[in-house]
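Only one chain is shown below, in structure tokens, and it's the form predicted alone.
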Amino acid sequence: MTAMSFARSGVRVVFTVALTFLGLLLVTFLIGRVVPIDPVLAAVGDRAPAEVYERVRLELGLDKPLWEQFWIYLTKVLTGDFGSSVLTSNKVIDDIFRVFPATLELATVATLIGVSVGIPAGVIAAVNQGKWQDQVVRVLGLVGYSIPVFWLGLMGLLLFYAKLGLVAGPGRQGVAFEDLIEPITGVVLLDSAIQGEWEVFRDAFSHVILPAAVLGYFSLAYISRMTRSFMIEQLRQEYIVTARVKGLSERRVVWRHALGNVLVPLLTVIALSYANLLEGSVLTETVFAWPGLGQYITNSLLSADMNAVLGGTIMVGVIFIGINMLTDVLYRLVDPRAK
């Protein structure tokens, strides 16, 4: 790739990302204007005097034309100003940075569970297509798609916490372990491991493993199904027949050659699954009282706190854009032909 073509590719990527982000801001702005919630009433309350209501309306710029309101909204967002939360009285950006590490921790552990089990399960199902192993994986995947996540979470709490006592209950940490470590990254598992506080680590792991397993099961169902589909297609290719004729072991043919050729589409599947867990774990966070981004957006929506809702929505969009860009980079590392 020449320097000129590389520069053109870089400009094209930047333009695409900027256009996508602009579209995201436009959509969130319009949502904030069409929902049947008065942002002024949410800020001042329904018992505020008329003069207070009018003063806040002018401060929010709601008397200006729609295009001018969008321009003000755009300039504020680009500087990291999402306004203040009515619910917490903090800046929304500060609230997001406070709650997002919890969601990141939960989604990462869940994705690790989904990938470490889902990919081998999909490969085994493809190799044994039509046999009992294939049927078991397909049934588990179907169940994963069918069971409501909140029901599975409640049943998990009832069985593994209330009955068997194998895991800790709702929340992110036990009361006795709160504020025992210095928040470096905000991810309790990582911070406690860095500081060598293994009691805190065990407590945090006991809290995260059940909600992560619930989310990981849904991720597993998706990843295993897609892995099975990709592998069945690859196992029918001529290069697989050639490899077998040459006397290569079945293990090497399947796990090295066939699986190696599905890594690129699998990256897309894993990236989408991870992004969905980062923004779609609302019900799980609610059931397990997990103080993450999903619960924050839910509580803000119930309190008509539109600044927080829109700020959280923008954060979710940025996550998707960032993960898509990272996936494009990984494509080139895994498969040089993508360059």
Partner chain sequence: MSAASVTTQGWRAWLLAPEPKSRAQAKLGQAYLGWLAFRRNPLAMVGLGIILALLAVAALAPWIAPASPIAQDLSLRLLEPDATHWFGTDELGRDIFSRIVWGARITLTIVALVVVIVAPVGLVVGTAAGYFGGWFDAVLMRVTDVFLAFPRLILALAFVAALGPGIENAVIAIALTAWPPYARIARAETLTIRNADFIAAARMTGAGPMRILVGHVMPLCLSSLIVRVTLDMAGIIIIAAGLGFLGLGAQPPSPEWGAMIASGRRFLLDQWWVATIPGLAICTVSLGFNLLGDGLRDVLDPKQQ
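Numbering follows the first chain given and starts at 1. Note that this is a predicted model, so its numbers are computed, not measured.
Omitted here: the form predicted in complex with its partner chain. The next part is about that form.
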item: Whether Ile113, Arg172 and Val329 all lie within 4.5 angstroms of its partner chain in the predicted bound form by heavy atom; value: no
item: Segment assignment from 117-125, 153-161, 87-95, 68-76: heavy atom within 4.5 Å of its partner chain in the predicted bound form; value: 153-161
item: Listed residue (Val136, Leu142, Leu166, Leu180) with a non-hydrogen atom within 4.5 angstroms of its partner chain in the predicted bound form; value: Leu142
item: Non-hydrogen atom contact Arg225 with its partner chain in the predicted bound form at 4.5 angstroms; value: yes
item: 4.5 angstroms heavy atom contact with its partner chain in the predicted bound form for Leu266; value: no
item: 4.5 Å heavy atom contact, Ile147 to its partner chain in the predicted bound form; value: yes
item: In the predicted bound form, Val52 touching its partner chain (heavy atom, 4.5 Å); value: no
